[in-house]
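In the structure tokens that follow, the same protein chain appears in two forms, which are kept apart as structure 1 and structure 2.
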Structure 1
């Protein structure tokens, strides 16, 4: 029996193909779609599962959506200048989507189909769940049933699912990181988006992914390093979830001999939850420093500096890479922020304060409809950056570049040509470490050479951008 049945319609130089039983995750599909669209002679391309959203997207792109598709059908749509380009692109689809399934050998079992089944094959400590939000609960619960901790990377997970997962985990002495948890480091291993940091005495509990990445990167820069970074998900300190994962994470780090200081990175918690967590923290043997990003609170760089002082490590000058010459004379005007990291965006808005500014988090759901997070797929942000720096009313544009595992392999390569063309100053908040696969210093130097002012501290980058926006 063939698992893949294909039906396709060919209208001039346009192709819409439905493949049944050919599932691929959204990141793989979006990458494939982008590669297809980049091919010479191809004017539009979409590779996506036939969800309602993607079928609408197909129509918006001017294709005629086929009837009777189901969410587990794969849609392939290509429009090209001529039939040859179309055929060439169509052939490429298989190559782009080829799975690395093991050859059919005698007695070799097929890959596991559930987290519980996978857990029976490997003596794992943690499951990393990044399936679409509505289905994350089943895989996460299955992993908890198998005795695994769970990191739920998926977003769009209903809060009642989160509560049930966390109550179950607490009963079983396990930890649920997430949902919408982008970052964790456990025993030196980065899960999700994570920077390569040296081992050290500071343990992080983080309700924010890029917040954790900023803190761990600066700690690494100072030579302090981290023991573990345990993500808890952005809603953990809400009244509904009541800090269930934060409490589990605090206890685990308290019991960890390598952790001398715990730093909690979060937005301000619900008041009663804040009391609960602070009371719990007081009962621990390990000191806890709260970094609660909000009105009147410290910025993350300050939180890191305090933590360094607590453990007796000198605060280094935070690195910056300035353009060799001032490419654009500053003029007063609005500050425009285009961020991939939500927490970095929030921190920048808090620091910019009353200075006229507009900070946009392009990782927000509104912008990730039908495409991957900007840390994986920079296309949208590049377009926006080009528009804002060549024809907008912004006096200065601030962007973040987040390095580490999971992020795109060479973000500077795509940014450099845009920055070179910019008519206004561009300031970059570069979140990363020298150990990151992308190479922080190489990235920084390339960006600075193109004309950007680059800062390892998001707070410092924002303050510099603010000073430029104020005309100094």
Structure 2
């Protein structure tokens, strides 16, 4: 690509480049950006498509956004300590983004260009849609038209689109999981962020991604396992959507002979929708245990314990990994929570109650604008953790680490140096299973060796953090 095609702007030790028509997917660009930022001498880097959000992010990083960009242009922005570091980074980004697919062999059919055409080639039952939110409706409707159930991983999908998709699915006897559905397990196959769990008799319906991961991980620890985990999207139990996918998922699990108990996990629903779902559950042949977070309600660990007792499985002691010595003596003061999982954050806030606390969900849309989710890219959380544990007023910091497919491959490697430098206690809620690719026990042992108190139960982690914040 020539300099003219690139549209480069060079100022002292800073490059902003526009590459017209050079599309790369968001995961590739996120990884390239991280590799650039890790290079010696590079102080800031961004590789992203020139959407409005990313152009705004470029400006927030102190770069001058170029005029006339379009969403299908690629932005490359680098700031370095000197000209040599800048040039080396520029060469690196070319290498990172130069990989091309191997040419198609003669006689091999061209790949399908639409969801519907892909569905006609294979015996599929589920389509996973992961495109920018404004475009998800067309792909999801195409899948429904092809007779497929749909998991919509995309976020920022307009609620009117969600409503139309779910009404269409209900008329056709299909299920829409999502939008913003990050976790599902269907027929033993994990979709999105999913833990490696054993098969078992409990089916989950979850309007909560990390809530589902916490429940399935604890069930796996107890040896119970799951039949299916059907995510329905965080807005499904809102007044606007009225539980359309939850009702469909309940019917599907009730018809599944492998499911002996259904557990419904959600943040607090709209009151009238909660009543609607409970009434529907009473009409099923399969018993239903609700785990709807709220004031005075059970935490997710208690929900799991009740489910285990219902199916006759003993409740085990939930694992914890504590440092060999107390690194920092407790002192009364505020509790700070820095979470990647929204439901884990909300559960912690409910348990902390009147103890002075500030819980932040760094996976919320306002923190992921132009960034990958913190379960994939920990950069923002590491910065906040370092600031809170070395220069803030917090008496204790509580974080979650969520393992499984789709999540960061080795979160402890990045967290350990920060925890070792911490001047206040750090408590970790570790959500995962022994079968997860990161190795739950290896992650826990590394975090505990660095000085953190680690708990497999988010509720137990929060209660320990609260006790430290109260000076116990």
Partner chain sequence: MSTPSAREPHENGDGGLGGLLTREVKVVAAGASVLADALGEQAVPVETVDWRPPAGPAGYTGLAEDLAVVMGDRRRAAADATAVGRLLGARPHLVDVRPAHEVLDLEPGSFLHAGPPLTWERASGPMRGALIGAAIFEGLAETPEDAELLLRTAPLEPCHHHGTVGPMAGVVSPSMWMFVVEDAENGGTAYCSLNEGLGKVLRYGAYGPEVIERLRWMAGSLGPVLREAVRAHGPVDLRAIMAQALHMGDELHNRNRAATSLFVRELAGDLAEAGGVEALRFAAGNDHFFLNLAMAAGKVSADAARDVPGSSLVVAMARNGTDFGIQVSGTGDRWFTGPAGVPDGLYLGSYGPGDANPDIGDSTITETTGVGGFAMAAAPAIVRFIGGEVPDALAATQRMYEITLAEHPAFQVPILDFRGTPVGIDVTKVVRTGLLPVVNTGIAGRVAGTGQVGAGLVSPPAEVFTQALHALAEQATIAS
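So that the term is clear: the rigid core is the largest set of C-alpha atoms that superpose within 1.5 Å between two forms. Note that the coordinates shown come from a computational prediction; the quantities given were computed from them, not determined experimentally. Numbering follows the first chain given and starts at 1.
Shown as structure 2 is the form predicted on its own, with the alternative form given as structure 1. For residue 87, the Cα coordinates differ by 2 angstroms or more between structure 1 and structure 2 after the core has been superposed. Once you line up the core between structure 1 and structure 2, the Cα of residue 78 ends up 2 Å or more from where it was. Annotation: Cα of residue 114 displaced by at least 2 Å between structure 1 and structure 2, core superposition.
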